[in-house]
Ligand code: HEM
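For reference, the chain that follows is the form predicted alone, supplied as structure tokens.
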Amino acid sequence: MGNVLIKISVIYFMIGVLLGLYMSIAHNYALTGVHVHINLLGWMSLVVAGIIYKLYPNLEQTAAAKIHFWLHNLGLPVMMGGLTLLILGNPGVVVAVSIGSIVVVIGIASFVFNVLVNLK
């Protein structure tokens, strides 16, 4: 699971960098919030979690790790897609942003629980 999280994280890294480049070229920084969240919750958070799972393989064998993996990776695209559409003027997606955000937070809470309880 650690390797998979690291691989997923570099995809988010590329998306974040490309979004930053686009905003810079276009001189349109409306999607700054999306850019920041993709880099923080996609790139940095997932690469750190992947490294922790690689360093402490017992952590990736837990149910909490599986919950973290799936909720983080299902919630983040929903949250980021919804936030993009919301910023671009579609107020009807606020529910998607909220649901995606809550799912990511629960996933991260599972990761925190896993580390605090199972890291020996």
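Everything numeric here is computed off the predicted structure, so don't read it as measured data. For every residue, the number given is its place in the sequence shown, counted from 1.
What comes next is about the form predicted together with this ligand, which is not displayed.
- Site annotation in the predicted complex: the residue of Ile52, Ile87, Leu40, Val94 reaching within 4.5 Å of this ligand with a heavy atom is Leu40.
- Among Ile99, Val10, Ile106, Met23, the residue placing a heavy atom within 4.5 Å of this ligand in the predicted complex is Met23.
- In the predicted complex, this ligand sits within 4.5 Å of a heavy atom belonging to His35.
- In the predicted complex, at least one heavy atom of Met44 sits within 4.5 Å of this ligand.
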